[in-house]
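Just the one chain here, laid out as structure tokens, in the form predicted on its own.
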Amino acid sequence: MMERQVRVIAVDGPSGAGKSSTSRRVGEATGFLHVDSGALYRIMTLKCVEGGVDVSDPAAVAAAAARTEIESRREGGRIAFLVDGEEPGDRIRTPAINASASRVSAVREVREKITSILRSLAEYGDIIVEGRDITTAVFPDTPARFFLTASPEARAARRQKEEADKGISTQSREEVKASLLERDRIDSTRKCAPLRKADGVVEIDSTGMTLDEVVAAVLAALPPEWRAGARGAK
């Protein structure tokens, strides 16, 4: 008997567009494990920052990435990533990491290593993966591909609230917005797997939408057989 092929829901978009919240909720509704690919890039960035690596030096970043070993394990409805035997938690969510993540993420060796890690996660079963090149480079052939976006103002408000809720907010709304726009610029112009809306993806502008509405839109656009039994699907 042939084994059922693992299903992948791919979600791309810029920071603050609602990828994480949406992906977690869609994963809960469908039973797919949530994968935050950004956590992997942030872990690489953390190792560079803590190791005193110049993130503007691609060769130094590539060498640091080669030395970094990341483990994965299933935890409830998600796949968790560990470095040095533990999850880094909010250490990878600080403004300092935000400021350097795009430069680290632009290094080809980093992207190749993380793409390999992400593709290996199919061993856990059906997954919903969020990031910036999931629909274009990592899982371009999955029939469930989405691009979430929102206005810069909405994205900045969400990111500032997220940081405030975690007690790590140090920037004004305008500073957060400027940081997001700079990250957009770097992510969309990098040579290796830039952030872009792929042909054939379902685009959802979440600016004026509630989280429930965005989740419902994603569920409604999944292949019919994937929606069977999903909570909230129509």
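In case it trips you up, residue 1 is the first one in the sequence shown, and so on. Quantities reported herein were computed from a predicted structural model and do not represent experimental measurements.
The protein also exists as the form predicted together with a small molecule; that form is not presented, and the subsequent description refers to it.
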Against the small molecule in the predicted bound form, would A101 count as a contact residue? Criterion: heavy atoms within 4.5 Å. yes
So, in the predicted bound form, is R93 in contact with the small molecule at a 4.5 angstroms heavy atom limit? yes
Since only the chain is shown here, I'm wondering whether R42 would be in contact with the small molecule in the predicted bound form (any heavy atom pair within 4.5 Å). yes
Contact flag, R159 vs the small molecule in the predicted bound form, heavy atom cut 4.5 Å: yes
Using a 4.5 Å heavy atom cut-off, are R25, T30 and R78 all in contact with the small molecule in the predicted bound form? no
Please name which of the stretches 104-112, 67-75, 120-128, 145-153 has residues with heavy atoms lying within 4.5 Å of the small molecule in the predicted bound form. 104-112
